[in-house]
Ligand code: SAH
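What follows is a single chain, given as structure tokens, in the form predicted on its own.
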Amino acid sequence: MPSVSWILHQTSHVGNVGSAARAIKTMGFDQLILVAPKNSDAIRAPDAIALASGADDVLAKTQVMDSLALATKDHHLVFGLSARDREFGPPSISLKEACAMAQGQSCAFLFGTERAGLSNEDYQFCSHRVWIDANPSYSSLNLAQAVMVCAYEMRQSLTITPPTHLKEPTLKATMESINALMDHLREGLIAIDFLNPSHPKKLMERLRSLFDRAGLHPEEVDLLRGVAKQMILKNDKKI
């Protein structure tokens, strides 16, 4: 299977870590990442090992990281799972659409806490919000179930041979480069007095939504950072 990461953010129950490891191994994947788990030793906890049920090798190589910025920085596509729509944030797509889009890209599926899921702040590290087509009147899945559904759908997508006439997909910009762009652009907009940092009025959130919908490529990120650089330079010359 190609490189696909499965990221669990601030997981509370170690049993879900073991169950998630079992789910992804069953579907042919092995890259599990924990971000700031409530139990820092979750991958060695007895309940995690028991519920991994033979996926001990996946647990053993699981990476534990401090932040979503670090966990997502090298991925071109990060799919944040949520049943709730948001006013701002990345575009919403179905799980099937996400799996089709992931062909040839470095991607990750991101799952939030068992109780609250992903926060609005977490979505700055996502390229898309992904929903699972479930019963609209009762769409609740526990964490391990959601991982299993996504891993199954991703496996189905990857085992279907794409038509030979299709071109290789163009790689998207990584999450790290897009977040660096947003910081640079914010600095530039402040320099030309277009953004008042005391009253930002959701300007950066709206711009991020626009960029997420566009699906920026690396050269487009470079172009926009060049614009931001000129904004700052022009302001410095005036001073």
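Numbering starts at 1 and follows the sequence shown. Source: prediction; values computed, not measured.
There is another form of the same protein, the form predicted together with the named molecule; it is not shown, and what comes next is about it.
**Student:** Are any of the heavy atoms in M148 no more than 4.5 Å from a heavy atom of the named molecule in the model of the complex?
**Tutor:** Contact check for M148: no, nothing within 4.5 Å of the named molecule in the model of the complex.
**Student:** Please check if G89 has a heavy atom lying within 4.5 Å of any heavy atom of the named molecule in the model of the complex.
**Tutor:** Residue-level check for G89: no, no contact with the named molecule.
**Student:** Can you tell me if S140 lies within 4.5 angstroms of the named molecule in the model of the complex, counting non-hydrogen atoms only?
**Tutor:** S140 belongs to the contact set for the named molecule.
**Student:** Just checking whether I132 would be counted as a contact of the named molecule in the model of the complex - the rule being heavy atoms within 4.5 angstroms.
**Tutor:** Heavy-atom contact with the named molecule at 4.5 Å: present for I132.
**Student:** Ok, V78, M154, L81, M101: which has a heavy atom sitting within 4.5 Å of the named molecule in the model of the complex?
**Tutor:** Of the listed residues, the single hit is L81.
**Student:** Is any part of 104-126 within 4.5 angstroms of the named molecule in the model of the complex by a non-hydrogen atom, and which residues would that be?
**Tutor:** Result: L110, F111, G112, T113, E114, R115, A116, G117, L118.
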